[in-house]
Each structure stands twice: as C-alpha cells, then as structure tokens.
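Take a look at this single chain, the form predicted on its own, given in structure tokens.
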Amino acid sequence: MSAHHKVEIPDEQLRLGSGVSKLWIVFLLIGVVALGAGYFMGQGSDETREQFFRSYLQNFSYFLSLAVGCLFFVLIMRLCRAGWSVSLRRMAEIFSMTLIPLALLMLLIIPGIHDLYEWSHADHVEGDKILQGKAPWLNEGFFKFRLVFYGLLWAGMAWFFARGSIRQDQSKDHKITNRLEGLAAPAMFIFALSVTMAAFDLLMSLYPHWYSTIWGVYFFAGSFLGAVSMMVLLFHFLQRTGVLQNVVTAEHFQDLGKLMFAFVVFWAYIGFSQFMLIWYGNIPEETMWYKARMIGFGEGGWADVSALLLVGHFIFPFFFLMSRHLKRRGITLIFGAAWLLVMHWIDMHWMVMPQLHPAGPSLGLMDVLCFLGVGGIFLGFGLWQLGRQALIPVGDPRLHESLSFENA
C-alpha cells in the first residue's frame, strides 16, 4: 500500500449544498405517489394487472441493474486495490446502498407472480414436461425465498462495504482498507453467483421454455455499463452545483469513459455470442425467444427495436467513445452517458415486453408511472445518503493517488 499523505480539501467541496441535499424529498415523494398511482390503476382487469406488473418488473430490473453495477464497481476497485478511483468510489458506495430500498421493492413482485410467470400456474405445469422438469427450481415457495435472499444479501454487502468506508472518514484507520480489500474476493464470488441466479429468476423465467447459460453475464454487462454511465451524469451534476471541483477531474472522466467503451464492446460480444450460438444450433426451444424479436421489421415491430439496439447500444457508442477527446470533454461524455442509459432501458424493455405485446413495443402511462415510481425512490434514497456523508472517502490512505491521478 502506498504511503498515506494528508489531503487538504475545502469542506464545502466535500458536502452537498442545502438545496441539493433536500432534493431527495422531492424524488422520494414523486416515487411513492407515482408507484402508488400505478399500483392502484393496475388493480382493474386482468390486462391492466399484467401491464402494471410487466412495467414494474422492467423498471425495477432497470434500477436494480444500476445498483448492482455500483456494487460491482465497489468490489472490483477494492479487489484490484485501485488508487485512481478512490475519489469516485463513494458515489458507487452510496448508490449501491439503494439495494436496501430495492430489496423491499422486490417484494412487490410477489403479488404479481401469477401475472408474470407461466410456471406459477399449476394447470400449465401439469401438462408440460419442460415446466415439470424445472419445477424443483421454478415454484412459488422457493422463488419467494430466493427474492428475499437476494435482497438481504445485496443490501447487506452494500451496507457492509459502504459503512466501512464511511467509518474510515473519521477513524483514518488503514486496517479498514486492508480488511475490505481482503473480503472483496469472496464477496465478488458471491456477487457473481447471486446476480446470475437473480437474472435467471426475474427475467429469463418469464419465458420458462427458453434458456441461455450466458443470460446472467448479459444482464451483468448492461448493469455495469449503466452504472458507470449514471456515475458520469451524477458527478457532472454535482460539479455544476459547485462541489468536487478539482477533485473529480478530466482524468477520472476519461477513465470512466474507458470503462464505458470497454463494456459497450463486452455487452455486444456477450449479446452476439448468445445470438450466434442459438442461431447456429437452430433448436426450437432456443430460437423461439429471438423469433419473437425478429418480426415486424420496418413496421414498428420488435425487429426494429433489435436493430435499434445493434446501432444505438453498440455501433454508435463504439465509435463515439473511441475518441480520447470526447471522453475528456464534459458535454460530450454527458451525452454519451445519457444515451447509453436510454439504450439500457430500451434493452430491458426488449427483454420483458414482447410476450405481452407481440406485435411491437407499446409504451403507455403504466410504463411512465413505474419508471417514475422506482426511479424516484432509487434517486431519493441515494441523494439522501449522499447528503449525509462526505462526497469522497477522505479517510482512505490511497486518496492522494486519486487526487494526483493523470492518464499516461
């Protein structure tokens, strides 16, 4: 470990202003009202119930992916003992802690199990050998247990690593860094396994006759890309309010841009690998999932969304983020990050909705309310926690490495 040097940063650069720190109340109110309105509207016919729970699952999975992406950022930076990212890590620590309210919001999926998952209907399972074979895993009791388990596990991991870092702000105890770095390796293994299983349960089991062993990696790739993109926007927003000036610099943004570029390529690689193997194998149980997403090209069908993801989630950001100068300029990196967050949401919509709307995407009020509902609670909790802590880990012994970091 590098020697620790005392870092003097004005306190006003490390704390949110009173106006920004109170924004969490606004976001939280928007979230609660929107989610309540969506849930109430969804209690009518069977069609409206299914639409609500589909919209809720999609938007919950979207914000869950951002939170688990932030948790991965914390774990991988601890595991690699990265010095350059120390001044960025607090943002990831705080927004990984949104897994605490998300663990509660995950329970709202339980009353919608029968509206979402075919395997939850006993009459469907009885006459279906595939569903019978998967019944030891895909059954209501075990599914509910796993949802609670995932929520408690991720919330506990996020809280443990974040609280350790926050306690170090006061104690300046270097042993905390050593302990958290030592625990990052087993935590990473648990993280990888649990995220893979959760992606299978929440999203892949919507189509229980279909399977892909690479699905968990696909979900993870989009999650981390979305989390880094979100962090870029949050850091720029905070700097516009007057904090973190000369603390998070163009050097850091360039490296965040590098991570975005790398995971744009990784997401595309995993997506293509999944598609190519299924296309080549040409097994009906595997091709059915892609068949539903390759109809209606040029007619507003799901094939148009598939083409949009190819261009918007890979080709365009690949060339856009290739430039060093675009990654170092605030306005261009903001645009790239916002673009990728939109593409990530469309990717989630593409995963969840074709079964409900086979003719093509159909956005409605329920989608908006669920997005505002889950997103408002997600941002409200994150900003509330951010306003209670220093914006960077001031007690970390490697902070000076991050503040003096320059790209080669």
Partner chain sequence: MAVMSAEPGRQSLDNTHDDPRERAPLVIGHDLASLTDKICAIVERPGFTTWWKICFGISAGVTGILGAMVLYLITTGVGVWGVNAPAGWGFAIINFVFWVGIGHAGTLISAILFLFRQKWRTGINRFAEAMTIFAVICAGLFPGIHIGRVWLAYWLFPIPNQMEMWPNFRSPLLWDVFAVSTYFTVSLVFWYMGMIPDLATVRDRATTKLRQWIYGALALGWRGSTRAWVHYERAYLLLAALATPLVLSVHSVVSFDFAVSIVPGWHTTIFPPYFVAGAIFSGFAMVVTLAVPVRAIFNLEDVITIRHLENMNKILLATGSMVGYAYSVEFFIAWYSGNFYESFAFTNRAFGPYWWAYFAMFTCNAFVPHVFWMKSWRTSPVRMWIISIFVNIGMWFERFVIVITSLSRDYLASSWGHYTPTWVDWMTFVGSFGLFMTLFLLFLRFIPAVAIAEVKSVMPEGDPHHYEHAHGHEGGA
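Residue numbers count along the first chain shown, from 1. The structure displayed is predicted, hence computed values, not measured ones.
The discussion below concerns the form predicted in complex with its partner chain, not included here.
Participant: Its partner chain is absent from this chain, but in the model of the complex, do 160, 169 and 242 each have a non-hydrogen atom within 4.5 Å of it?
Facilitator: Result no, not one residue of the spot touches its partner chain.
Participant: Whether residue 102 contacts its partner chain in the model of the complex should be assessed with a 4.5 Å heavy atom distance threshold; does it?
Facilitator: Outside the cut-off, so no.
Participant: How about residue 269 - does it come within 4.5 Å of its partner chain in the model of the complex, if we only consider non-hydrogen atoms?
Facilitator: Residue-level check for residue 269: yes, a contact with its partner chain.
Participant: Does any part of residue 280 reach within 4.5 Å of its partner chain in the model of the complex? Heavy atoms only, please.
Facilitator: Answer yes; at least one heavy atom of residue 280 falls within 4.5 Å of its partner chain in the model of the complex.
Participant: Even though its partner chain is not shown here, does residue 126 get within 4.5 Å of it in the model of the complex, heavy atoms only?
Facilitator: Looking in the model of the complex, residue contacts with its partner chain do not include residue 126, since no heavy atom lies within 4.5 Å.
Participant: Tell me the stretch among 332-340, 230-238, 94-102, 183-191 that has any heavy atom within 4.5 angstroms of its partner chain in the model of the complex.
Facilitator: One stretch meets the cut-off, namely 183-191.
Participant: Could you work out which of 250, 326, 197, 288 is the residue within 4.5 angstroms of its partner chain in the model of the complex, going by heavy atoms?
Facilitator: In short, 197.
Participant: Between the options 141, 133, 111, 298, which residue brings a heavy atom to within 4.5 Å of its partner chain in the model of the complex?
Facilitator: Checking each option against its partner chain in the model of the complex, the one that comes within 4.5 Å is 133.
Participant: At 4.5 Å, heavy atom to heavy atom, what parts of 230-263 sit next to its partner chain in the model of the complex? List them in sequence order, or say none.
Facilitator: Read in sequence order, the residues that approach its partner chain (within 4.5 Å, in the model of the complex) are 255, 258.
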